[in-house]
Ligand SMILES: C[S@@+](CC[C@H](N)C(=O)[O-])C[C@H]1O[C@@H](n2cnc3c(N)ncnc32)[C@H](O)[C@@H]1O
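Okay, so here's just one chain, in structure tokens, the form predicted alone.
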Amino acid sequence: MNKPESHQKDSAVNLLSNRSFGLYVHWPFCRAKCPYCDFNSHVKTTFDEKSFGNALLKEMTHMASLLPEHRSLSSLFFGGGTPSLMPPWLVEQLIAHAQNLFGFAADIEITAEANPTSVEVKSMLEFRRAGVNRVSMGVQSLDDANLKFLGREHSVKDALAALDTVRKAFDAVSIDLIYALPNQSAKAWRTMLSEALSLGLRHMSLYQLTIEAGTIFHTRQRKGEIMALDDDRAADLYEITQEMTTAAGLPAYEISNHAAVGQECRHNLTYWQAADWIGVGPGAHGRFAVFEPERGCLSRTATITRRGPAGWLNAVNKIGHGIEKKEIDTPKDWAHEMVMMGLRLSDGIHFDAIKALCGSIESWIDFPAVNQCIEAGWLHHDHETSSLVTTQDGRLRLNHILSAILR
């Protein structure tokens, strides 16, 4: 390797070393399918846990082989589906295998999603011994009627009891709540959010109910039922959410995610900052940058595995992985992702960082449109830090802003 090539590679490796690197493990099985859920989840009561676990380990090994540069994991996330239904011995195996393949950052964040049922809470205590150090609990509502509407198996009493137990074992615990349900009033949401904030958690994910294609709610909506609040009333509840969480010391660091300073979800930030992660399991997505000697620069690989658990398992057993689609993102694709995801964050995007990874920005961003959004009060450009952030009004119009500023 000549000196210019060596310098280019060193520069690229330095860029990578400053980017977070995560591992996502997808457990696709649930006891029941929630009527609002469009995730890759499957109701299955019997399957060979050992065979499925061995396939996850095998695919993880293959994904690691796609990365020529050694990088330690800064986060590991068990998602689903319902990962709290995983056998704890498998969680322990997966964590140990990941550490052996990649190495762990000293302060690695290892998260597992869980439902607040007594069986799953017991599993979470065993997950703690296996190495999980953060729990994201799908409480979804603190109103029993709402829980019934959302198709949840637990009650409010169950959720609060489960939360109390888990918090004694884990320092980092987050809950999800869904709002903007049909006929939900501003007063009702204020009362529920006040109760949630009184729990003293340092991270909360607060999502507006959206009706996604392919869900039971979508089918019911097409038949004429009203399944969510209209946009104007939902926007009112969003503004209440920002006001109350900020006052409680949990400002939004992303459109739907709120945390005390330093308690942000590191793994999800990897997605929103368009950094690097690999995904294993049915329907898992991955995105990671590697150095291309021929081009003398970084390129970003995107992978998607087969969605169906049976098809994925067969593929892994035959060829060592379930990758269904693998492609190289163009610099423009990568830059667009950085903008689309980054403008969800309170820190916004930094033009210099995007330029360092993707080259010139003039070819893919419409600066006159950016200026119009700034004049409208939807975006703010900090010239000193070369950053662009959405205002609170802008976050309500993010899709419109993106369609306007991206060429």
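In this text the structure is predicted, and so the values were computed from the model without any measurement. When you see a residue number, it is the position in the sequence shown, counting from 1.
There is another form of the same protein, the form predicted together with the ligand; it is not shown, and what comes next is about it.
A heavy atom within 4.5 Å of the ligand in the predicted bound form is found for one listed residue only; from Thr241, Thr270, Ser174, Asn115, this is Asn115. Site annotation in the predicted bound form: the residue of Asn257, Gln140, Thr305, Ser74 reaching within 4.5 Å of the ligand with a heavy atom is Gln140. Within this chain, Thr210 lines the site of the ligand in the predicted bound form, having a heavy atom no more than 4.5 Å away. For Arg134, no non-hydrogen atom is located within 4.5 Å of the ligand in the predicted bound form, even though that partner is not displayed.
Using a 4.5 Å cutoff between non-hydrogen atoms, Gly279 does not count as a contact of the ligand in the predicted bound form. Residue contact with the ligand in the predicted bound form: Thr165 places no heavy atom within 4.5 Å of it. Remark: of stretches 350-358, 377-385, 30-38, 334-342, the one touching the ligand in the predicted bound form is 30-38 (heavy atom within 4.5 Å). Contacts between 144-158 and the ligand, taken as any heavy atom within 4.5 Å in the predicted bound form, involve only Arg152.
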